[in-house]
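A single chain, nothing else alongside it, follows as structure tokens in the form predicted on its own.
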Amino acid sequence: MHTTSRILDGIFPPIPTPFDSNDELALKPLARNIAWWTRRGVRGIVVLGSNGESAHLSDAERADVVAAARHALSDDQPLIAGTGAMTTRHTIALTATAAAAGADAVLVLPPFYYRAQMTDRALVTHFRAVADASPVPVVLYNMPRCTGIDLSIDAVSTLAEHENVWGIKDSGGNLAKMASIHAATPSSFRILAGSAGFLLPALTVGATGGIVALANLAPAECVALVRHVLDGKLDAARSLQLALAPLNTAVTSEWGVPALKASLDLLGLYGGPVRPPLLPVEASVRETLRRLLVQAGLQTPEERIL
């Protein structure tokens, strides 16, 4: 049992959920991918996030993914599982299931369907109930682009007072807000950048790591960027940030999960199909991704694979 929020420091790839050609879970290649990522220095793994197509999985599939990922990790490698749902009741149930399957912490989106009624009071009440019931620490997940909700500084600082709320993954990219959250929360509260697109600046305003899609493709490089900042080598960190930015944009805001999975395939890992209604990338996009991988120095399966 992990007893300190420092387990959240470092780089965590939010990994895609692998499917086979019959649209079923492909858990054997999941274990192979995880071995590749962990050999390259990531702190742990996040499953069932936005890149994990969690919205497309049944509750039973979610539990299977958590269990498979836990089996592939060593005891000292933290596993974080996404458990956000549209009701407090369902979120608590998913959280309990994830913990029982081996998650060390949970990453919880706000319930957003009735977003007009999701005031600070409603959201604080929701997250407190989840944290009260959760057998593992809770990490808030601020993803305004997908949810339409941008957790306020006041709400986050209030929730940070709860002993079982250990941090936040902030994908909003508002650096001034991150700095304000850092100033308004206890030193034990962890802020994790939600995109490699702003990993370096986030680290300079109080983040202690990141849950970033790019770490699926460039784990060692993302780890190195954090290390450079900790060592005061800002020029080296800046060079990495700039070199990785085009690829990061391609697999996040431009083409999303289908591009991330296609890029994994291009590296010799297992990306596999997306689950409908998502569509695979077109051939022209695949060639663009190949070019961006080469430009980022992530060149061939023979150089990158186990």
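Counting begins at 1, following the sequence as shown. Every value quoted in this text rests on a predicted model; they were computed, and no experiment measured them.
Absent from the display: the form predicted in complex with another copy of the chain. The rest refers to it.
Asks: Please determine whether residue 180 contacts another copy of the chain in the predicted complex, using a 4.5 Å cut-off between heavy atoms.
Replies: Flag for residue 180 set to yes.
Asks: Closest heavy atom of residue 147 to another copy of the chain in the predicted complex, within 4.5 Å or not?
Replies: Judged by the heavy-atom cut-off of 4.5 Å, residue 147 is in contact with another copy of the chain in the predicted complex.
Asks: Can you check whether residue 257 is within 4.5 Å of another copy of the chain in the predicted complex, heavy atom basis?
Replies: Yes, residue 257 is a contact residue.
Asks: Does another copy of the chain come within 4.5 Å of any heavy atom of residue 64 in the predicted complex?
Replies: Contact check for residue 64: no, nothing within 4.5 Å of another copy of the chain in the predicted complex.
Asks: Can you say which of 155-163, 104-112, 68-76, 130-138 gets within 4.5 Å of another copy of the chain in the predicted complex, counting heavy atoms only?
Replies: Residues of 104-112 come within 4.5 Å of the partner.
Asks: Heavy atom within 4.5 Å of another copy of the chain in the predicted complex: which residues of 200-223 meet that condition, in order?
Replies: Residues within 4.5 Å: 200, 201, 203, 204, 205, 206.
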